[in-house]
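As structure tokens, one chain now follows by itself in the form predicted on its own.
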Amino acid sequence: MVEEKIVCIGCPLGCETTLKMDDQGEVVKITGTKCKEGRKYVLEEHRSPVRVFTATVLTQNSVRPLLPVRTNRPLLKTQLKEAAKVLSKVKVQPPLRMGQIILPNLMNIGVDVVATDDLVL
């Protein structure tokens, strides 16, 4: 049997969980969760881990050299490096408002990149 340890962040408890999998990779036992949400989170994290991607992009014609941004919904963890490569080539110009989409449909996966701060002249 194979084991995988995952720290659950489904609630503030931060349970240290262990998943036991059979030879086919199917989860047969989960230990360490203290709530129903924890079990759900750990299974999803094992099967398809996702993260909201946060980064900065370069600016032009602004006193600030960088603008903080994030995706409007989570990406698969396997997509994070490619997202970073795409955003490294993006340059934005003021004026921009917090929440404004600066890059729609990132990597054609239906996720938008939005500004997390205002960018003024």
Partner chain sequence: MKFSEVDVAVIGSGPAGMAAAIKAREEGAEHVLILERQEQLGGLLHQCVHSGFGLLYFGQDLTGPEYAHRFIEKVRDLGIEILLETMVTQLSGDRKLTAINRYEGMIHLHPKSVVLAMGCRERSRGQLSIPGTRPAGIFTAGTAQRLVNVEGFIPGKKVVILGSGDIGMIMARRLTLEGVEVKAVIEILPYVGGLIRNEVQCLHDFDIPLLLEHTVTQIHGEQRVEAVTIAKVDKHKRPIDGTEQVVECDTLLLSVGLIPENELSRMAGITLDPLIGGPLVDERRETSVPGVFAGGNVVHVHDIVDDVSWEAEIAGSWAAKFSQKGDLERKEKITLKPGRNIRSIVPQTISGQSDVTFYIRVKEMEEKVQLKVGDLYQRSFRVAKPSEMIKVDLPVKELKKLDGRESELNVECEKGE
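If you're wondering where the values come from, they're calculated on a predicted model, not measured in any experiment. Residue numbers count along the first chain shown, from 1. If you superpose the two forms and keep the largest set of C-alpha atoms that fall within 1.5 Å, you have the rigid core.
One more form of this protein exists, namely the form predicted in complex with the partner chain; it is left out here, but the text below deals with it.
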As a check of understanding, the residue in I101, L13, M21, M107 with any heavy atom within 4.5 Å of the partner chain in the predicted bound form should be identified as L13
Of K34, K91, K29, H46, which residue is found within 4.5 angstroms of the partner chain in the predicted bound form when only non-hydrogen atoms are counted?
-> K34
P95: touches the partner chain in the predicted bound form, heavy atom cutoff 4.5 angstroms | no
Even though the partner chain is not shown here, does K40 get within 4.5 Å of it in the predicted bound form, heavy atoms only?
-> no
Give a yes/no on whether R73 approaches the partner chain to within 4.5 Å in the predicted bound form, heavy atoms considered.
-> no
Is D117 a contact residue for the partner chain in the predicted bound form, using a 4.5 Å heavy atom cut-off?
-> yes
Select from 22-60 the residues with a non-hydrogen atom within 4.5 Å of the partner chain in the predicted bound form and write them out in sequence order.
-> K34, C35, R51, V52, F53, T54, A55, T56
Once the two forms are fit on the core, has K34 moved its CA by at least 2 Å between this form and the one not shown?
-> yes
Rigid core fitted, then: does I6 show a CA shift of 2 angstroms or greater between this form and the one not shown?
-> yes
